[in-house]
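Just the one chain here, laid out as structure tokens, in the form predicted alone.
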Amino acid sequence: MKKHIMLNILLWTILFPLTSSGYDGTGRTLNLLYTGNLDGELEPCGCSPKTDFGGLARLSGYISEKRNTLSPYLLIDAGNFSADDNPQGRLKTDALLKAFSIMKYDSVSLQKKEASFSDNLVSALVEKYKIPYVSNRHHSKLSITKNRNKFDVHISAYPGDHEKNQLNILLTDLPLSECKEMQGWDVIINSSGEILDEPFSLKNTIIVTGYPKGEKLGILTLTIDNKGKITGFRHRWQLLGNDIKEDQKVRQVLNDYDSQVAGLLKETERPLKETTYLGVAKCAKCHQSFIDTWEKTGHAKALLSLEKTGKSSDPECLICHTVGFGEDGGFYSVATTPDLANVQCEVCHGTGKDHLMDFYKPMTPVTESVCKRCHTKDKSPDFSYKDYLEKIKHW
């Protein structure tokens, strides 16, 4: 008898799985998968295991693998996903929207970061990649309507644009204090940069925030009755660690981006500047014993770590893995300035030209503030001045 009951339960589960039907026993369910305030982050830098979370290839890989479990769902970005309006930032934003297109985002919102581009680049890109979008700055694109699990879902970027008899979702970067005063919205997804660890619920409105730089995917599960009213919700953060299998299509987009970034450092366009830095070879003429010790430290292999991850031509990485990148007379590329590769003496002690002219003139003291120019909380969360100094001590 028990075997018969268990067999019936198993058969019922196979025929009527809760996750695929969107029914949890009290009403139909809809998952809102949301991001916001990505700020141009394509993938984590990998400088520390403690910050190795996020990345578009992992995000896409997770959604693809869990698609049946997550369905029915809407995939939404609340805005401020763009990078800065500079040559590398424009490449980043293009790559990010290519990835959004592959993931088939149901809607993205154009907010302050997207509006900061002087030539409306982001608007052109979302049109190019056919990504549905809403914008408070484009009156013809204030809102869109999606039908999911037999519900009409009204998605808007304008606080006064909610509709009757629809599930209303607002995408905004207004301060949370203002969002809490808004009425008529079932869900508000915020991309202001403020963080709510858990949803804030007030007067039938659920407020959530995108996790900065996409380290986590927000999953808000709504329970909806036959009249289209939300009767309950659950929320969780999906951490995007290196245990998640990447989507190879999105990975190829990121690899293409790396190649394009490398093209920004064109050897023929290297500015011919007077040499500002001496390089470790000249320091070694008087301080060979110090150099012998330095060569055993991680600083001496800083550029190699970038080469292993395909980032050896990325300006955002080179600034902390070479001598004087971005400055007159500093590192430019391995081909043109190999003598300034890695974290050498002058990164910590300052330029040595004056010291070379007068040996009695001391170099710049190494203080905690010098180290923290690169050992930031995001990239080096375990940094301790005292402990890290021991790792590179060579005097």
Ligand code: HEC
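These numbers come from a predicted model, not from an experiment. In case it trips you up, residue 1 is the first one in the sequence shown, and so on.
The same protein has a further form, the form predicted together with this ligand, not shown here; the description that follows concerns it.
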query: Is this ligand close enough to G352, H355 and I392 in the model of the complex that each of the three has a heavy atom within 4.5 Å of it?
result: yes
From I319, I144, L196, L202: within 4.5 Å of this ligand in the model of the complex by heavy atoms is I319
Partner-free chain; cross-checking this ligand in the model of the complex, the single residue of G228, G298, G232, P87 with a heavy atom within 4.5 Å is G298
* Asked: With the partner left out of view, is L42 within 4.5 angstroms of this ligand in the model of the complex by any non-hydrogen atom?
  -> no
Legend entry - P362, heavy atom within 4.5 angstroms of this ligand in the model of the complex: yes
*Give a yes or no for C286: in the model of the complex, does one of its heavy atoms lie within 4.5 Å of a heavy atom belonging to this ligand?*
yes
Residue-level question: is W237 within 4.5 Å of this ligand in the model of the complex, judged on heavy atoms? no
Testing 342-350, 60-68, 29-37, 329-337 against this ligand in the model of the complex with a 4.5 Å heavy atom criterion leaves exactly one stretch, namely 342-350
When this ligand is considered in the model of the complex, the residues of 283-313 having a heavy atom within 4.5 Å of it are C283, C286, H287, F290, I291, W294, T297, G298, H299, K301, A302, S305, L306, T309, K311
